[in-house]
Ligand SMILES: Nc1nc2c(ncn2[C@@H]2O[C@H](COP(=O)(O)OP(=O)(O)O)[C@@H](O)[C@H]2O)c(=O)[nH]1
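Presented as structure tokens, the chain that follows is alone, the form predicted on its own.
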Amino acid sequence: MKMKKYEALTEQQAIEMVKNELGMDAIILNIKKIQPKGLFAFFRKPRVEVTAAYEDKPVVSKEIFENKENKNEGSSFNKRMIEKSAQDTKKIAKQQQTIDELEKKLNDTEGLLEQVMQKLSVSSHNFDSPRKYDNAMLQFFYEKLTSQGVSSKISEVLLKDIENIEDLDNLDINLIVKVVYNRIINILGEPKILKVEKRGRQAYAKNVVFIGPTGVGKTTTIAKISSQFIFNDKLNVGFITADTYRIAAVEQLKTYADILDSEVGVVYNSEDVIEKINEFKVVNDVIFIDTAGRSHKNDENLKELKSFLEVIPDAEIYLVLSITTKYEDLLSIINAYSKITDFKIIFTKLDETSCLGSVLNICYETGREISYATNGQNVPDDIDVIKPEEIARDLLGSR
């Protein structure tokens, strides 16, 4: 099956668009309200986006038939229409990219300065609580960072060099914002996304394994990432699940796989996974492997997981963590899993918290690379590559 999105002013209009174009057999997967963005968002009405799944059937353009006078002319016209459509699509995409880049530049440090100045005027008059810094600006930034979950130690690191500047009382706030903003981005680092290519002459697929505690959303995260590879990159994807302990876990993955027109293999031990990988690797570009949730406090479970991972050739491994977990527990989980394998981190449930300080803390304390973040249950929409710039803005209280 394939998926397609439709936008309209109302839900009814969007569904009518689905019926008119895809027919009555189309399946509505998701309906969500889209709030306007950008400089003129205030003047635009919200829209409704409907995601529908449908069977891919060849469609012949009515316009081609109406304009075709003979076989040769029809073929030529068809070619021109395809070329024009491709050109228009590229043009629209380029225009939208330009608009997005301009809006991002306008919303970056300039917006930070205005909001920081407004909050600073209030913060500078609040002397009730113990103060870390005598300087009002430094105290404001310190309180803002710690209120967002950034540890006191890391907050001090971010402000360390500024504290030593002479004539601090006359320091331009613009400089403080830029220094702290850039240091946050440097600590977070460049997100490491999953890269998969067509097999070409290779006779094997890329193996990608997801590990982590129970209930963090590993299976849903797999469905979101795999959807992007299937629909955007046109890759062949296979699924393997070793999560046979959780009720309905296998059925959940099979449901996603049916929608994505992919195959699922269920394995119970290391021998099973080797056999299933050998079966899938010759027909897929990438194999996503789901594992059962393992407690970081159970050494026996972690030992079993280590043995399971060791038999998977050239595996790229992602540790999935919920941002709603206490920072101390997150650190304990990462340290425990670090003893059995190497991995990158995916954070889930960003929509369930307003404090993202743990992301910065984890990057600083562990040096682990971050990759994706999820912010809802909708498949495939609610996932994106982590954006350090947005996290920096959140931590400084500008969003």
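Predicted model, so just to flag it, every value in this text is computed and none were measured. Numbers follow the displayed sequence, beginning with 1.
From this point on, the text means the form predicted together with the ligand, which you will not see here.
**Q** Scan Ser147, Asn278, Thr214, Thr244 and let me know which has any heavy atom within 4.5 Å of the ligand in the predicted complex.
**A** Result of the distance check: Thr214.
**Q** Have a look at Ser227, Asn174, Ser270, Gln252 for me and say which one sits with a heavy atom within 4.5 Å of the ligand in the predicted complex.
**A** It is Gln252 that has a heavy atom within 4.5 Å of the partner.
**Q** Residue-level contact is defined here as any heavy atom of the residue lying within 4.5 Å of the ligand in the predicted complex; does Asp351 satisfy this criterion?
**A** Asp351: yes, in contact with the ligand in the predicted complex.
**Q** Does Gln13 reach the ligand in the predicted complex if we count a contact as any heavy atom within 4.5 Å?
**A** Heavy-atom contact with the ligand at 4.5 Å: absent for Gln13.
**Q** Within 4.5 Å, heavy atoms only: does Asn284 come near the ligand in the predicted complex?
**A** No, Asn284 sits far enough from the ligand in the predicted complex that none of its heavy atoms falls within 4.5 Å.
**Q** Closest heavy atom of Thr219 to the ligand in the predicted complex, within 4.5 Å or not?
**A** Yes, Thr219 is a contact residue.
**Q** Among 358-366, 343-351, 330-338, 45-53, which stretch has residues whose heavy atoms lie within 4.5 Å of the ligand in the predicted complex?
**A** Partner-contacting stretch among the options: 343-351.
**Q** May I ask you to list the residues of 367-396 that have any heavy atom within 4.5 angstroms of the ligand in the predicted complex, in sequence order?
**A** Those in contact are Thr374, Asn375, Gly376, Gln377.
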